[in-house]
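A single chain comes next, written as structure tokens; it is the form predicted alone.
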Amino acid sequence: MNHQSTPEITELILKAAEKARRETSSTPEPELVKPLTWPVQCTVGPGLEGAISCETKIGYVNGSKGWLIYRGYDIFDLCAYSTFEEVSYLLLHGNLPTGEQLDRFNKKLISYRSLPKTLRKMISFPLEEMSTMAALRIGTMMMRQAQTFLDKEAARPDPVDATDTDADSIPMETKPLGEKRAIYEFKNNRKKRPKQVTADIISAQELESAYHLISGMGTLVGAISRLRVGKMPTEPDPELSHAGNLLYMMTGKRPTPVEERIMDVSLILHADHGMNASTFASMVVASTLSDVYFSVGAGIAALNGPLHGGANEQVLYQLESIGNPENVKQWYANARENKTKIMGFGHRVYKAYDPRARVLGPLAEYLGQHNRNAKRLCKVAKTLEKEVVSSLGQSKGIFPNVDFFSGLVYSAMGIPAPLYTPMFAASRVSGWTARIMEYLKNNRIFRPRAIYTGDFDRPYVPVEKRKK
């Protein structure tokens, strides 16, 4: 992708970066950016809030200052100068690629973007009757079958190689509180290739599977977009970037350079975001030494939940319901009085302005210059933002989050709202796979405890004597 053809987009991002840096300090949280000595002490809330589960070099979120860092790089710089392909490589490998490395990586993505076996199977499903996220999870599992040998009869494990159930968690149940490293570690966990399988399929445990998922997820989203409205999938174009192909395969139209660039920025912004629910779900499954496809499937399942994914779709419906900028003040007053949830504001982590929203907000306005409906919705959004921030920004740390503007961006490019969350997954798969691969290098199965608050010593009563 040639950024020189879209200098106005780069300029908008750099202006957002300059504003963010003026409003935040440059000091990280000292207790959260240094190596740990296990076991650690921390304050844990319900849902494991505040718990420390691992160390990582992949990403850092500072919610109090509005920072998002990938492998040491500020998100604004990556959006201004990099591409989703480069960022995916960075997350997986730890460094930005050289020209030669990027060329090899791009060739891998191009080769994996075509999924004829998977798409033939998907065509047989009634996708028009399914949610888009259900379709995406099915497609991911079909990719697994087409790409790996794990489901072949010849790959069934030998019972002699079985290990004790949950053996790796035993140190967590004993005193002292766990061990520095897991006692029961399985160094040779990679499945051996059966002699009967062909050389073009893999075990789903190596880095190659991460490449396959990153590339193939975009193809699946494009196919779902087409199949659910009765159209055949569009073949990927090897001349287009990953972002360009995602738009092309969803809409059937070649994107403009501006559309391709803005989609690329959106993919970068969504690629990773700390130990969120879908990332944690992926890592929990991977920690059992399941494979990458099943682990990513768990991430998709978690993202499907309305508390994690889908908020940008609801923001769009909310803005449409407000209608026009002049309606905002009364709508907001009614919402506050009725304690109605205002979609797109506040964040579990951020108590400052979400850096992703800082980038997407100007891009939504830019797209609105050439789209009447998008322009109207952007005006509604900016008016609502002023109302919310003036009343809740300083006092409660409530500002727009990424979902407040991402739906506006996608809508302006003609993408249907039900595709917003699958597009999120098509980006976040880079972060999911990177964190899975990192964690497996020093794997320990996740095994938190629960506090039992039930009864003891209850006598068994035969069914005929039980009372209602």
Ligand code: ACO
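Please read all numbers here as calculations on a predicted model, not as lab measurements. Under this definition, the rigid core comprises the largest set of C-alpha atoms superposing within 1.5 Å between the forms. For every residue, the number given is its place in the sequence shown, counted from 1.
There is also a form predicted together with acetyl coenzyme *A; it is not shown, and the following applies to it.
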{"property": "Option from 434-442, 54-62, 31-39, 397-405 whose residues, in the predicted complex, bring a heavy atom within 4.5 Å of acetyl coenzyme *A", "result": "397-405"}
{"property": "Proximity to acetyl coenzyme *A in the predicted complex, single hit among Met343, Leu92, Val380, Met122 (heavy atom within 4.5 Å)", "result": "Met343"}
{"property": "Interface residue in the predicted complex among Ala80, Ala311, Ala357, Val328, criterion: non-hydrogen atom within 4.5 angstroms of acetyl coenzyme *A", "result": "Ala311"}
{"property": "Partner contact for Leu392 in the predicted complex: acetyl coenzyme *A, 4.5 angstroms, heavy atom", "result": "yes"}
{"property": "Partner proximity in the predicted complex: His242 to acetyl coenzyme *A, non-hydrogen atom cutoff 4.5 Å", "result": "no"}
{"property": "Non-hydrogen atom contact Met232 with acetyl coenzyme *A in the predicted complex at 4.5 angstroms", "result": "no"}
{"property": "Contact label in the predicted complex: Pro116 to acetyl coenzyme *A, heavy atom within 4.5 Å", "result": "no"}
{"property": "Residues from 420-448 in contact with acetyl coenzyme *A (non-hydrogen atom within 4.5 Å) in the predicted complex", "result": "Phe424"}
{"property": "Arg336 C-alpha shift between the shown form and the other one of 2 Å or more, rigid core reference", "result": "yes"}
